[in-house]
Each structure stands twice: as C-alpha cells, then as structure tokens.
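In the block that follows, a single chain appears as structure tokens, in the form predicted on its own.
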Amino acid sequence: MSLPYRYYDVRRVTGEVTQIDVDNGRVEQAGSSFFDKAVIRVLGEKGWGILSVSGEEAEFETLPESFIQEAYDASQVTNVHIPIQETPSHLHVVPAMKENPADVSLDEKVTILLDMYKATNGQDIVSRRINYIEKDETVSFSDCLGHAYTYHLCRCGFSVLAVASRAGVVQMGYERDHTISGLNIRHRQDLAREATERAQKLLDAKPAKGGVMRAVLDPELAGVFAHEAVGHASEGDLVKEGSSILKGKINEQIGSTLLTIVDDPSLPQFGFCPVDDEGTETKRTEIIKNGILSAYLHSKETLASVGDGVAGHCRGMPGVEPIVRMSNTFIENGDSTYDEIISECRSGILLKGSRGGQVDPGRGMFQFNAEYGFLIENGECTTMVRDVSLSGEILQTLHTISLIGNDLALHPGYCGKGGQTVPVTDGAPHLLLDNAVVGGCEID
C-alpha cells in the first residue's frame, strides 16, 4: 500500500453469547446470539484513525485497501503527534477446559440453574435471581509488522442474588463465580445457600457505627481496593492525561514496605489475555514493589509517551478501539495468618465483601461499600454489622497497612471504563489497616 501510515493493525472477534436469567422461579431469558466484529487502526503521520466493520469484511489477507484508506483519512483529523513504542509479541497457550460449555445444551443449563434456584428458598426471602452468561470468542489479530495470532477462549459464569425483608428492613446476599476453565454451574448449590443465609442474617445485624479505627479487609474488599484505588491510578492513559494521583511518583515510597501489588494478564484467571489487543506480549507487572511505585500499565502509545512501565495492558471489546486496562490485579501474600491479624487488630472491625463504590484516581479519594462486617473486640470477631463502608485518601491508606495475610484469594468480575466492559480478576489476602475511615449509620 502506498499510504504514508506509520502502523496499522486489524483485530477481529467472532463469537457467541449465551445468557440465561431465572427471576423468581421464571426463566425470563434463555438464548444465544452471534457476533462478528472487527476494528482497524491506522496510525497516520500524527494520530490514529479507527474504523469498525463487520468481521467477515476484515480478513487480513484480503483486506480492502479502501478500509485502510478510510481509517487513514480519519487519522488526518488530529493535529497531535502520537508516538508508539515497538513491543515484543508472543501468544500464550490458552488452558484446556475441564468441560466445554458448548457440549452442554441450553435446556440442560436451564435445568441446572433451576435446581440451583431451589437452594435460595428460605424464611423472609422475598426475591431470588440467578444469571448465567457464557461468551465464546475466537480472536484474530494481524498488523503491518508481520505479527499474526488467532486464539479461542470461552468465559462463563453465574451470579446468585437473594433479597430478604422483615419489618421494613431489606437486605441482600450475593455470590458469583466466573471462569475460563469450563462450565462451572454443576453442583453449586452451596453458593446459592450462602447468599440466602447471608441475606437472612443481615436482617438481624446491627447497623455499623462509623469512625476512625483499625479495620481488617477480607480478600474480596482488599482486592477491590487494589483494583479501584491503585490499579486505575496506574493506567498509563490516566497518567498521561494528568488524571492520576500516581503521576510522577515512580520509585517513590507510596505505601507500606509490606505491600506488593501486581497486574498479570498472563495469569490463567478470568482476566487472562493470551496476547493483548494490539499484539503485545502479556506478562506480570509489579505496580508497587515493597511499597515503592515501580511501574505503570501501558499500551504501545502510553509507553512511548509516559514510559516507566510495561506494555501488554491494552484491551478492547469486540469491534472497539482498545484502551489501557487491568486484567488480573492482586496484592501479594504477606507473612501473617488470619488469626494473627484479628488478634493484632484488638479493637476494630472486619469488613467483608463488596457492594461497589467510587474512586477518583486524579484526586486520590475512594469510598467502597462492604457487604457486611463483624466487630472485633479483645482480638476476637463478635457482632455482625451491616451498612458499613471504607473511605479515605489512596496514598494515606497505603501507608496504614500494618499486616498482610498469607491467604491470597482471587475474585472474578467485570470492569467498566470508557464505555467498555472487560473481564477481570481482583484479589488479596486479609489486610490490617491502622486508622481506617469507616462509615456507618452513626459516628462515635
């Protein structure tokens, strides 16, 4: 081609999405849909031109020159010069599945979920819902440098929601599990019962009192903290835009010397990326090492313009331009046992689970809602509490971590950014925070 582009690539994603929704005993949805989308990126003399087309039109070997021309023409709109960094390219092997969901009929999946639904029955339970989603994708990538990859990956999982109500008090229990290792809904009544029992117990739980106190975070909430408060702030596009509290802090001590936070897209968890969506090799990246900010997460573009980090963290939904995203983000194990952490806390609160929250990576502020908690008195867990949250400044909170457990656990889910949602995994061991800002219904 004679166009004066500096680079171009093509990513095609073909697949099938299956969704089942059981709402209060009724199968509200059960079916599959197909998709075949492609996105073409051309880097002109200055910036990017992006073109989305149907997948069948985007075969690399027969790619119409008119598509490159159209994307190139779009690139001429920008007056900002965008550099990109050459990066190593490699495809990791996709792990084999234990049971391929494609081998199980839709009717059988519905039957399994309806059987799971029965386990959500209980006193004071007023609403029950089970969702299943399965996404089977074949991804093909090619670029003008001669890199070409094709891989197949199936992700599936389910969630269970039970809502309990009594005397005007409404509480819910929620459980989920998502995986890349194959069908995971057989014999999972245990999680359905856990969600149900928690919703019932929360009706009797006391509203929490807020204040500044010692707090123990369970692996789920600590993982959310790592993802939301640190992971997003380490994304190279936010750093480039000046929207990150971590900008300019590489090699600075920003947290406890006990703390190491990792993002690893090559880890075969729910956020696994065999290769990133611009053809870069994925590998373990230590964002924070022993409390020192060590690396940002990057695309080819942000690595070239920001530096101080690792590419291979660029992801996009089918047919959409990829952007810098996390994958499997977690806090490394420490040396303390759970019992040691609770005992050392002495007086405070144990926060468990996550009901979402918000973070401002530019100002460095966060607020997360826990599912529930337990008071810690004289080094022992006692009374169950509800309506409890954790908030504070990111950098200040990182310095308050005084113990890190040895019980790392990972939790799969989804992350939204820039109008795109991608599968991720968050994780951590138990953490002990000194002087945590805990929100509740009353302030001591």
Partner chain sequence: MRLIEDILRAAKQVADEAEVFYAQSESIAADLKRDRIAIGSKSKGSGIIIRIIKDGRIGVSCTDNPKTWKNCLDAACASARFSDPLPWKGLPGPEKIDQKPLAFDKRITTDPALVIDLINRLKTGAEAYAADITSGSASVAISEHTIANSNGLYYSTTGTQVHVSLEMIAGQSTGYESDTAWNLDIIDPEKTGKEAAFFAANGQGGEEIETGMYDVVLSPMAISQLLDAAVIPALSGRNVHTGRSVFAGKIGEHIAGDTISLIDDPMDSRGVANCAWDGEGMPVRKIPFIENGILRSFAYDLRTAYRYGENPTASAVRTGQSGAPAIGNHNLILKGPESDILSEKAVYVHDLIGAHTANPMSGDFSVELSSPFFAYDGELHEPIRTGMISGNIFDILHKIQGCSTDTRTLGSTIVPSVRLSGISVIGRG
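Here the structure is a predicted model, which is why all the values come from computation and not from measurement. Numbering follows the first chain given and starts at 1. Between two forms, the rigid core is the largest collection of C-alphas that superpose within 1.5 Å.
Omitted here: the form predicted in complex with the partner chain. The next part is about that form.
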*Contacting member of 210, 316, 219, 274, with respect to the partner chain in the predicted bound form [4.5 Å, heavy atom]*: 210
*Which one, 135, 300, 178, 188, lies within 4.5 Å of the partner chain in the predicted bound form by heavy atoms?*
135
*Using 4.5 Å between non-hydrogen atoms, is residue 362 touching the partner chain in the predicted bound form?*
yes
*Using the partner position in the predicted bound form, report whether residue 399 sits within 4.5 Å of the partner chain, counting heavy atoms only.*
no
*Report whether the minimum heavy atom distance between residue 356 and the partner chain in the predicted bound form is within 4.5 Å.*
yes
_When the contact criterion is heavy atoms within 4.5 Å, does residue 45 count as touching the partner chain in the predicted bound form?_
no
*Look at the stretches 163-171, 259-267, 143-151, 338-346 and give the one with heavy atoms within 4.5 Å of the partner chain in the predicted bound form.*
163-171
_Could you pull out the residues of 6-34 that have any heavy atom within 4.5 Å of the partner chain in the predicted bound form?_
17, 19, 21, 23, 24, 26, 27, 28, 29, 30, 31, 32, 33, 34
*So, does residue 54 move by 2 Å or more at the CA between the shown form and the other one, with the core held fixed?*
yes
